[in-house]
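First come two forms of one protein chain, each written alone as structure tokens, so that there is a structure 1 and a structure 2.
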Structure 1
Amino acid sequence: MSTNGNPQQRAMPEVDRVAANRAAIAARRARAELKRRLRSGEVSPLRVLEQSRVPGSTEASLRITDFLLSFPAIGAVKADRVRDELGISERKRLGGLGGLQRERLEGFVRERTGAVPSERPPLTVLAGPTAVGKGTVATYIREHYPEVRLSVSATTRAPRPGEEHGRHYFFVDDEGFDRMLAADDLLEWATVHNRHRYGTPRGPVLEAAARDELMLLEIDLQGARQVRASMPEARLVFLAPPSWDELVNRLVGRGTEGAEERERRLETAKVELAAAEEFDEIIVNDEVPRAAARLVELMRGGS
């Protein structure tokens, strides 16, 4: 047996080494596939940049040079020049970019791809795991982007202090909700957290689509799936936490819950995070203003 290699490698049992090799091969394959999709235009560079904010993702592991080489009309020489201009070193991977580097790279990508907007969706749905901050992003959009119309849901839960009927929700009792269901007035509805019912009134959504207005639905995952089924042309955006640890912190808080509740919440979070694959876009909620700006960019027909 060779005595070369670092001590960690030498200490690694055979089974682990086989597993690590397998993982490395799978990661390389995933990167090759990502490069192919970038080159063919199946996935937009801005989307790849957004997803590279998720630690451990294939996008995060993509080297800056490979990213740049996927652009039409960028060859090795040009890629090097652009990289130098952006102040990014050759071996950098997208996940390791500093804040300023990322900003510059995004600016570069926007400049190059700005002329080819994708189709503007008639409706955008924002969903994501519990406690990821969908409500905060939606509130930010309501306050800063007046051209975006937020769908007002009906709910059977009681208003919280400061919430207005008709602005934040239509607060209805069980009979009222049943009547809306019987009249087929709801585009989608769900019982959230096993407690109250929430639903999206169909009328305003169709109206906004007819007027070509930007319409946003902030709803739970079950509701998002129903919209996908009934309006396949809607764009589904998944709001993701910056990392798994961050979501766990937000969910479990300061550990005031018992072990059983903690386990239950973590299980739910795992299932909810897995739903990301069903969505058209992922936005990482690292900073609310940035996440909101990216969402509005997509709503306006950006890619």
Structure 2
Amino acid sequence: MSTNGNPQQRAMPEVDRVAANRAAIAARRARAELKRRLRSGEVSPLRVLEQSRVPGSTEASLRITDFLLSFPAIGAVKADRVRDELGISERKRLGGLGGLQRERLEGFVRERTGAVPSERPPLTVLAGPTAVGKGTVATYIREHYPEVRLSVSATTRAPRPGEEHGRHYFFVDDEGFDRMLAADDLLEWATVHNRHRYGTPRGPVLEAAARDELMLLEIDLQGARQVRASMPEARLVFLAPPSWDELVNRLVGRGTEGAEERERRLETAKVELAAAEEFDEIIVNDEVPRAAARLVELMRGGS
């Protein structure tokens, strides 16, 4: 039946038009922010390509031309040539790529960024009970195994004297942290002492994996569980004490806690020790150099 005589059926209702305009503006802003982050190196091109598989995502809506223009030394002319070589139309968006087109584009990105596929896990996570010595082992690895990169966390707290952005932490404000959460850019995160937020950026981990580098994240058990959920291919390593008595000595040996606090810490340690079965590997921290060497051996692909 024709609706030509009914203008209400021909035109979009005003409220729908306003909502559509708002959605379009929000989508454009999200794409502009994604392009900025690509150009600045805050997010990996491989990560964007991976996320573009998600229908409705900002990455999926990014045009192939804009994606290519985010690479250093690629201008409009070169972007056209690359698209022609890959057999991809300029009107294509990342989410609309066919299987062969996506494969070709991923190959181009890996070649351009020097990334090579690897069978090693993209990330090794070191966790364990309180006072087991995770930080000591991680510090030893930093000082004695320069080929291993330690993951740098993002935080909303202000830098302390001597701390450098990108080396000790990525210092961001609350709005920036919210953007990272909204974009699924964090493998895990938590609020500490009901004040500042901390999280592990996903981009540097993927970029290190693309370059076949060894990346280590030293974290608590809750964070390790979040990483397992968001990156199942990561390897989780549990650092265990040589004995329960030794852990007790480390927990209460300082003599700074009262009896009630000591009991609480010991009960917590029992629960944390029971989590060992959730991990892929267990290393006993009887001697720090030996535990560190074993961990690096696992990261290099040993068994």
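Just so we're on the same page, residue numbers count up from 1 along structure 1's sequence. C-alpha atoms forming the largest set that superposes within 1.5 Å between two forms make up the rigid core. Here the structure is a predicted model, which means the values were calculated and not measured.
Colleague: Could you point me to the form predicted together with guanosine-5'-monophosphate (5GP), 1 or 2?
Modeller: Answer is structure 1, the other one does not fit.
Colleague: On a rigid core superposition, would Arg47 pass a 2 Å threshold for CA movement between structures 1 and 2?
Modeller: After core superposition, the displacement of the Arg47 C-alpha between structures 1 and 2 reaches the 2 Å mark, so yes.
Colleague: Once the core is superposed between structures 1 and 2, does Arg197 show a C-alpha displacement of at least 2 Å?
Modeller: Where the cores coincide, Arg197 still shows a C-alpha shift between structures 1 and 2 that is 2 Å or more.
Colleague: Verify the C-alpha shift of Gly56 between structures 1 and 2: is it 2 Å or more after superposing the core?
Modeller: Yes, Gly56 moves 2 Å or more.
Colleague: May I ask for the C-alpha shift of Thr65 between structures 1 and 2, in Å, based on superposition of the rigid core?
Modeller: That residue's C-alpha sits 64.4 Å away in the other form.
Colleague: Core-aligned, what does the C-alpha of Asp185 shift between structures 1 and 2, expressed in angstrom?
Modeller: Comparing the two forms, Asp185 shifts 3.6 Å at C-alpha.
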